[in-house]
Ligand code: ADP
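Only one chain comes next, encoded as structure tokens, the form predicted alone.
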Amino acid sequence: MLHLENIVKTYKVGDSVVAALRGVSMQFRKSEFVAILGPSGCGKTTLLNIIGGLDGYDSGDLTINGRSTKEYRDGEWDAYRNHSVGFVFQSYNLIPHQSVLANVELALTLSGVSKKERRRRAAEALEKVGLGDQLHKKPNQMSGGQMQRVAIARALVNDPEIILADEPTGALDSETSVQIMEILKEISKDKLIIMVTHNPELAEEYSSRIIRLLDGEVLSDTDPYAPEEETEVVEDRKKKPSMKFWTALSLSFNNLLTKKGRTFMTSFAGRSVLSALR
């Protein structure tokens, strides 16, 4: 399903070139809970960004459902990010002036889903993470754990195949961290979850596989994928981003009117709107 082969990624810092990933290879199962461990600067977040289509790679190959992403066009990357991947971040990246329900609906708005269906699916996703009675609250009225649950619901609402979590418990206390990990573990029963964390105790307790990185290289893998495990041919869900012209225009206009600080999701929405209008 997801296969990285000899991935190399470098960044230019001043006059120097720094290698973030040095020939990283790994393959993932359709459903498992993978924890990526390693010290700061070892390439964990870079790896997550490449898997999520947020960053490119210099050499090697990322294969998704048997197809090389070297062949992907911009629209295919948009479709992959919109439909196949859900993102959960340490800082939540919620839009503060919108309700919890509206925050979760946003991903469906970008996918061209009708208002009635957006509301139903967003409410259902919030129910799954235990926030079915908090739909109309604003993020600033919630605890850190509740906001992270909203972020997980937002990641789930498009029914993606992959959930990418970057330090999802980094800003939470121990008790709340356990609650979030329990939710992720339950989700991993039928989805692939790849989580970056600095917490080895939580990784060992809840994940089914731990990959350790050091200096941009794989140091160890507790349960590497063996190709013979799965013989099923997985068909690529070639979903295309679809947003009607008036939906895109309305969303852009509303963003201009209600702009109150730009979060990651706001900028991501803007890019997707431009892509839809091209």
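The shown structure was predicted, so the numbers you read here are calculated from the model rather than taken from an experiment. Heads up: residue numbers just count along the shown sequence, starting at 1.
Omitted from view is the form predicted together with this ligand, to which the following refers.
(request) Please check if G43 has a heavy atom lying within 4.5 Å of any heavy atom of this ligand in the predicted complex. (result) It does: once this ligand is placed as it appears in the predicted complex, G43 has a heavy atom within 4.5 Å of it.
(message) Although the partner isn't part of this model, could you tell me whether P39 comes within 4.5 Å of this ligand in the predicted complex, counting any heavy atom of the residue?
(response) P39: yes, in contact with this ligand in the predicted complex.
(message) With a cut-off of 4.5 Å between heavy atoms, is A20 one of the residues that contacts this ligand in the predicted complex?
(response) Although this ligand is absent here, A20 would touch it in the predicted complex, with heavy atoms inside 4.5 Å.
(message) To test your reading of this chain, name the stretch in 66-74, 43-51, 217-225, 24-32 whose heavy atoms come within 4.5 Å of this ligand in the predicted complex.
(response) Looking at the other structure, the answer is 43-51.
(request) Output the sequence-ordered list of residues from 204-227 with at least one heavy atom within 4.5 Å of this ligand in the predicted complex. (result) None of them.
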